[in-house]
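Next up is one chain by itself, shown in structure tokens, the form predicted on its own.
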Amino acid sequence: MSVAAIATNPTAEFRAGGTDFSERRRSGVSQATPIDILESGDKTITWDADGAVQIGALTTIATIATDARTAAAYPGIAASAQGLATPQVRHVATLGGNLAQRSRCWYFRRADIDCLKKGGATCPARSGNHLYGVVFDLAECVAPHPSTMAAALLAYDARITTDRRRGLTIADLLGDGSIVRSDHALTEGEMIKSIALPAPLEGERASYKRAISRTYAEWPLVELCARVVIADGKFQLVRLAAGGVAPVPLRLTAVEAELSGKIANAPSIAEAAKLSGSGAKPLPMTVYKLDLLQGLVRDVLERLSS
């Protein structure tokens, strides 16, 4: 089936690496007809003269994780890619697929259970087992967005090009969390083509860390990608993007604002980290994520400022 056929076939779905699509097919959650795009898309990492980069949507996560120039210019991106899934999954999973993957909520992943993302009337996780759910309750669905790379790209002010639109932000691509029937704001048959990152700032540092419930191959409970610029011992720039806590990745703007111009030391970081849960509305079973988020903010920023 051709790529163009998806516009006239409502049961069709793009398949690149297939790590998410294949699992949903096996479980019966998806009955979609696959349209293979892996051999027809962009897998390149292209650098501009000013040091900015454009990454093809079908570039594998493993390529991003192991590319030396990417790691030097965008260490938060490379570290995020290195941290997700397993080596086997990273070898086949693509950047575009990671951005467009579906919810990991166990109610969504059960073919015999209706939920909002499958056209149902309610979110069963809200009144059921939501242990891995959101701590920023922004929408009817309480599943956090599953994309690690989306959080990292949010921290780097990435812009996305599709076959229909250009210059999309991560917020444009994923919405504000209120799109309960999907996990992104792509229109029917729209395909991510490439992701662009602005040139790194002089002197910037970045890192990524996740809190997980076991030591290997697990989706994070909470994750954080951080970028900083420190000059004269003070924070000149702080960008913090958290995943696992909301229906979309979130910038921790209250922490960023608190640290702007402050001395880059442990006391300043500890005080600012208390604001990491600003605006949070935890569910009964997700209160623990606030402590995890605050701890990640402190840990990552202290490492970057040392």
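For every residue, the number given is its place in the sequence shown, counted from 1. Since the model is a prediction, treat every value here as computed from it, not as a measurement.
Here the subject shifts to the form predicted together with a small molecule, a form of this protein not shown in this document.
Only one of 128-136, 189-197, 228-236, 113-121 lies within 4.5 Å of the small molecule in the predicted bound form by heavy atoms, and it is 189-197. For the residues L168, A79, V180, A85, the 4.5 Å heavy atom test against the small molecule in the predicted bound form is passed only by A85. Distance criterion of 4.5 Å from any heavy atom to the small molecule in the predicted bound form singles out I37 from the list A62, A254, I37, A280.
Mapping the unseen interface onto this chain, T94 counts among the residues with a heavy atom inside 4.5 Å of the small molecule in the predicted bound form. When the small molecule is considered in the predicted bound form, P146 lines it closely, a heavy atom lying within 4.5 Å.
Contact annotation for W219: at least one heavy atom lies within 4.5 Å of the small molecule in the predicted bound form. Heavy atoms of L154 never reach within 4.5 Å of the small molecule in the predicted bound form, leaving it off the interface.
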